[in-house]
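Presented as structure tokens, the chain that follows is alone, the form predicted alone.
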């Protein structure tokens, strides 16, 4: 694949001659495509195109804007399997997960399309009977969407679809690791006939230029806390720019003393090791009541040993590779740090070196038991890989304390048969996505997605993104022959 930027309705070469490659993390000898390292001029051109398209696009009926999205959705549905295989080859997650990624993106399109004939404002009573008051929404302008590699199809559509349907125009900057999937999104937007400039795609490491550009009005970001924190600081310097950042987690699955252990073990395996632990909602902590610890631990380790790791295009594979060499090195450092910090190692995982693994970035699960301690880094810092701590607790109070004892607050799950205990977890734990008798992963598009503390800005993505990419306006009409003011205000001239 020879990638190009998509600007103002055309696929064009970058103003820069520099290129980068997208490689298959399961076989790093395989180059999937080459893409432009976009320059400042490319970013300026994309933002200018979006700015120029904004007036015409925002004046269209929401229903007409939705019809473009419906055409886009139908094209995606026809090529579901082709896109799924590209997603799997670029980011390394199993083909079943690749298909789910594409399905989730299509679900987002369908959900947003379904809103275009629904009410999107309110009629509000006024204190004055002769007045009619309304709440209406208006788009904000040019949206910069900066997206990660681990959900290279779904997350861009989480951000792009609500933005354009509400009347904004978009510049998408996909991850360099999965630029091919970003290219495909541009191709389908082009085929769907979106007017030039409504959706633009620029490749390479140009996200900071989009954030700092004076003509981007909203920055939508999904990725690490370090990058997201930097974005928030930059955006704070503008009077007319805002951001919504989803920035990872140190998520936990809580197993209480009355838990169904079959559900608990399966939920824990899925939470910790789907996508090789490379989801912002992956559980890197299992908080387990000491009453069930021994039995749970035994079953969990036995099943983890049987996890099939290999070619992600193999339907039977549970874990594919991690994304790149830097990821293997980071995970290995945290594995060693856990040992230094006193972990009782239950499975000493690491880089796999057999012949079937030598061309890819394959790692096996690293599992350990450790008592909670606020000074221990591996229990506080996000690893983003198959690295898992089991933390014993004496009761639900301690479980809640341990859960909340990190700077993150994205996903939380509890395994219990007691609805009262589940309610305590619901009310007392800090999270954005909560689950009962389920894994920490599995978000659906019609629910909000976002976290608290270091996990996010409290402005979630997915269905509730409408609150970020529009602003509410008040519109009040006087039907009387004289001016009557609220709060009893009397005007004498």
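Keep in mind that this is a model prediction, so the values were computed, not measured. Numbering follows the first chain given and starts at 1.
Not pictured, yet referred to below: the form predicted in complex with 2-aminohexanedioic acid (UN1).
Contact annotation for residue 168: none of its heavy atoms lies within 4.5 Å of 2-aminohexanedioic acid (UN1) in the predicted bound form. 2-aminohexanedioic acid (UN1) in the predicted bound form comes within 4.5 Å of no heavy atom belonging to residue 47. Not displayed here, 2-aminohexanedioic acid (UN1) is approached by residue 158 to within 4.5 Å at the level of heavy atoms in the predicted bound form. Within this chain, residue 449 lines the site of 2-aminohexanedioic acid (UN1) in the predicted bound form, having a heavy atom no more than 4.5 Å away. You can rule out all but one of 138-146, 280-288, 300-308, 183-191: in the predicted bound form, only 280-288 has residues with a heavy atom within 4.5 Å of 2-aminohexanedioic acid (UN1). Judged against 2-aminohexanedioic acid (UN1) in the predicted bound form with a 4.5 angstroms heavy atom cut-off, the residues 54, 172 and 219 are out of contact without exception. None of 150, 335, 406, 84 but one reaches within 4.5 angstroms of 2-aminohexanedioic acid (UN1) in the predicted bound form through a heavy atom, and that residue is 150. With the partner omitted from this view, the residue of 79, 401, 104, 215 that lies near 2-aminohexanedioic acid (UN1) in the predicted bound form is 104 [heavy atom within 4.5 Å].
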